[in-house]
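Let's start with one chain on its own, the form predicted alone, as structure tokens.
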Amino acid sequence: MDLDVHPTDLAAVAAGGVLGALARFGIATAWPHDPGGFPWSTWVINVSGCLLIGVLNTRIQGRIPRLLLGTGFLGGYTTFSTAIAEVSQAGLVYLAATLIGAVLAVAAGSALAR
């Protein structure tokens, strides 16, 4: 299989992804939630990641920094798949809080970065 990916781009995404996943794991481990309780750590991870996405899209222009921080770090850090899986336990209020919080965080991050 021949991939049309520059090794530097791949390294930036991989390095950022590892760091983002480790940050998410650290927060989730330090701040666990009870089964059936509101999953605050996942909510904070996703909303803070969206805040950083707003800042990144407004301030960072270079290809490698965007791949490292956006695609890599924030891709590994945020976890909307976990949030959707947790909706079955935490309910629709959690889903709404996640979606509304994420959209507002992107707007706030973008506004703060200007």
Partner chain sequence: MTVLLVALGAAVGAPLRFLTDRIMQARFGAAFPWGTLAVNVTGSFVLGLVLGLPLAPGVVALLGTGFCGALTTYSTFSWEILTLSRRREILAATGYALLSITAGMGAAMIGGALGHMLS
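It should be emphasised that the depicted structure is a prediction, and the values quoted were computed from it without experimental measurement. Positions refer to the first chain, counted from 1.
Keep in mind that the form predicted in complex with the partner chain is not shown, yet the notes after this line are about it.
A.B. asks: Is there any non-hydrogen atom of Phe38 lying within 4.5 Å of the partner chain in the predicted complex?
C.D. replies: No - in the predicted complex, heavy atoms of Phe38 and the partner chain never come within 4.5 Å of each other.
A.B. asks: I'd like to know if Ile64 sits close to the partner chain in the predicted complex, meaning any non-hydrogen atom pair within 4.5 angstroms.
C.D. replies: Although the partner chain is absent here, Ile64 would stay clear of it in the predicted complex, with no heavy atoms inside 4.5 Å.
A.B. asks: Do Cys50 and the partner chain share at least one heavy atom pair within 4.5 Å in the predicted complex?
C.D. replies: Yes - in the predicted complex, heavy atoms of Cys50 and the partner chain come within 4.5 Å of each other.
A.B. asks: May I ask you to check whether Ala102 falls inside a 4.5 Å heavy atom distance of the partner chain in the predicted complex?
C.D. replies: Although the partner chain is absent here, Ala102 would touch it in the predicted complex, with heavy atoms inside 4.5 Å.
A.B. asks: With the partner left out here, which residues of 38 to 76 have a non-hydrogen atom within 4.5 Å of the partner chain in the predicted complex?
C.D. replies: Sequence-ordered list: Asn46, Gly49, Cys50, Ile53, Gly54, Asn57, Thr58, Leu67, Thr71, Gly72, Leu74, Gly75, Gly76.
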